[in-house]
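First, one chain by itself: the form predicted on its own, in structure tokens.
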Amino acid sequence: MSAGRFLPLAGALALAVLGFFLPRLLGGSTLVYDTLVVIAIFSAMSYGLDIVLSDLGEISLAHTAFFATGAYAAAILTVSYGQSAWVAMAAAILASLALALALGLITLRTREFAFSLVTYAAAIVCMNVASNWDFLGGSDGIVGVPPLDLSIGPITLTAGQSFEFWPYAYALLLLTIYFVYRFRRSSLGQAALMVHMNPRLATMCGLDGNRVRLQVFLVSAPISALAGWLYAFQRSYVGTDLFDTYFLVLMLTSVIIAGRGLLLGPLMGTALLMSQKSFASLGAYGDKLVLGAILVAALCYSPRGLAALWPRMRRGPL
């Protein structure tokens, strides 16, 4: 391996190792662990939306449904059927793929505003189904999700408290970032970008735009679903609040605030938002107002994210 490729890889590995010890470096309090676990989970959730928004150029408002699907799969299989977390993980992936396929076949023939509107309507339908179907707990949700148990034979891998959850949340985050990194360098990722940037050229190159959009939609769904799967174990409860607008705005803001297309963008955006909520909270309603205000400000004053401000700052005033 050449030095030009080895040094960035070594730097990334060093940062990954340092990140694992970040809770201890920040004091190791319960609040620190709680915040970092939530940052990791919500960042993974946001990456599912990121590849649709940044690479495909469409604003999906249905990714709360995929997030909730993963959480409900974990709750139903562990609480109602006594299955393991591994089985619940597989079910979360399969259920999200099935939902994404159904929604994709319906919505991906639409574009831009119509696509956003239809995906939002689909999320509302999913919320109402969850609210009124006893199998999904109805409006009361499903309580008593057991502690996370990923034990394999004699190897014990369990988590009940925040400091125990951190390795699993961090592993999910790292795997998600690596998956997105590989996706953007894959043939599908390149095809998605071409369909987004130049649909006519994509068609001339033999690409089926609808098929590429569906494939990207299918790729994105399990990412958000796995975040929901882990979130169910982290808070031991699953309810219709997972479809709340808060999670949708959180995903959109996390993707947009740092800059679309940045590999670490959703992580940086989520870290900023969750840090404010944990360490400078204005109360439940106040935090929602802050979240909404940040999204509006980002869209109005820097649609390309905070990363776009750096060249302006370097150029100075005109």
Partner chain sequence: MNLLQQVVNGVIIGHAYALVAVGWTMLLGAARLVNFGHGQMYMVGAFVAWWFMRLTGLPYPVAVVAAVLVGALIGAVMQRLLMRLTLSRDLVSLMIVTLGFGQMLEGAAGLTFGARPQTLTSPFQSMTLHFGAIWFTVQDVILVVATLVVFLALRLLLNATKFGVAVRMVAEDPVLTRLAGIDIARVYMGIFAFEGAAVAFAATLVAPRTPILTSMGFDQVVTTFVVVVLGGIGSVGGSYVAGLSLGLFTALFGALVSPAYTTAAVFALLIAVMALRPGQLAASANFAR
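Numbering follows the first chain given and starts at 1. None of these values were measured; they are calculated from a predicted model.
Only in words, not in the display: the form predicted together with its partner chain, which the text now covers.
- Heavy atoms of no residue among L31, S84 and A159 are located within 4.5 Å of its partner chain in the predicted bound form.
- Within this chain, L248 lines the site of its partner chain in the predicted bound form, having a heavy atom no more than 4.5 Å away.
- Taking non-hydrogen atoms only, G27 never approaches its partner chain to within 4.5 angstroms in the predicted bound form.
- In the predicted bound form, its partner chain lies within 4.5 Å of some heavy atom of Y285.
- Contact between S116 and its partner chain in the predicted bound form is found at the 4.5 Å heavy atom cutoff.
- Partner contact region in the predicted bound form: 116 to 124, out of 227 to 235, 160 to 168, 203 to 211, 116 to 124, criterion any non-hydrogen atom within 4.5 Å of its partner chain.
- When its partner chain is considered in the predicted bound form, only one residue from A16, L306, L22, L299 comes within 4.5 Å through any heavy atom, namely L299.
- The partner is absent here, but in the predicted bound form a heavy atom of T110, alone among N198, Q190, S151, T110, sits within 4.5 Å of its partner chain.
- Taking a 4.5 Å heavy atom cutoff to its partner chain in the predicted bound form, none of the residues in 176 to 198 make contact.
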